[in-house]
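Here we start with a single chain on its own, the form predicted on its own, put down as structure tokens.
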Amino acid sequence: MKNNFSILYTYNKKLYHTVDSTRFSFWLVNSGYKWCIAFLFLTILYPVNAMASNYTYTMAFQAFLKWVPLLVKSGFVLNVIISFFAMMIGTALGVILGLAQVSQYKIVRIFASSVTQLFRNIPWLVLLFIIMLTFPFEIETDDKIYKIPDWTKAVFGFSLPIMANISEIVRGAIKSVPLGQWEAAESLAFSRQKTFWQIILPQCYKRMIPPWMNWYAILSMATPLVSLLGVEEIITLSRQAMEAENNNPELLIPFYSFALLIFFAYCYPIAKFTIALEKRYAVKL
């Protein structure tokens, strides 16, 4: 016999999401290596001779080994350099922009907020195209010509969206400090400047570190985008190496699998450390 009474079922953990389960870093750490193992397993099961070619995967792997030093030293190292300098410049500009968003002056807040929202909502690849194609390729003086490397323009292109997102991190961290901290400082006759630098900001550092590291991991994984613009990083050099080996289809798996694994090996510890910091510095309510 059916009735309209509500029924309280027993709790089932699988039906509910925890705070950790919604984090990208949590998913990456707990599922990333499984996907890599599955990918490698499927690669092994793939036919050894593809497209009726006499060029085997053994030959492709041997050819790939010759290019590994170049891919790492001249390719992946440049990816890391681009991500490092873009993060450094973006962080410096983002902190200034984030502080401007909580300024006492309305015009400063409006300007900082507009710049932040502009660069937060522009596709990274479109921004890179604009920077790479509009900035000069060389600077000519009276007696010398200075060429501007493409990777330096890529650094500037990546630093702009990073600046906007770091700005939001800084603004959010400052706004997350309880209002009672401001009121307590005011009752002790602290000026706004002293309250800001001696009481509020020291409480924000721990809150900003985990999302800052998360954005560095995202930036590192986005650096292969510059290969579309001709910057000679790991993906560009991989394509050039495959062209030098007559563009055999069997070369795709070893070269791109290596790029996948080296980025995973670089970003996985960052994601793991980020989760540890998130748990350590979580705000206790």
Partner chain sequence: MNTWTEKEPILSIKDVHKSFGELEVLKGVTFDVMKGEVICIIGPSGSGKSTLIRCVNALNEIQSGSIKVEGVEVNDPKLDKLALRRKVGMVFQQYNLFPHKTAIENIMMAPIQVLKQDPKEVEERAHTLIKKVRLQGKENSFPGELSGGQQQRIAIARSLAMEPNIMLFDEITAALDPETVKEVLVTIKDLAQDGMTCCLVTHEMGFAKEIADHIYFTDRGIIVEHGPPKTFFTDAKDPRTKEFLSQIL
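Residue numbers count along the first chain shown, from 1. Owing to the predicted nature of the structure, the values given are computational and were not obtained by experimental measurement.
Another form exists, predicted together with the partner chain; not displayed. Remarks below refer to it.
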Selected contact from Q117, Q203, T152, S176, since only one has a non-hydrogen atom within 4.5 angstroms of the partner chain in the predicted complex: Q203
Would you kindly say which of I96, A184, I110, V77 lies with a heavy atom within 4.5 Å of the partner chain in the predicted complex? A184
With the partner left out here, check for me: in the predicted complex, does some heavy atom of P136 sit within 4.5 Å of the partner chain? no
So, S103 and the partner chain: in the predicted complex, are they within 4.5 Å at any heavy atom pair? no
Exercise: I145 in contact with the partner chain in the predicted complex, heavy atom 4.5 Å: no
With a cut-off of 4.5 Å between heavy atoms, is F190 one of the residues that contacts the partner chain in the predicted complex? yes
The partner chain isn't shown here, but in the predicted complex, which of 192 to 200, 136 to 144, 79 to 87, 156 to 164 has heavy atoms within 4.5 Å of it? 192 to 200
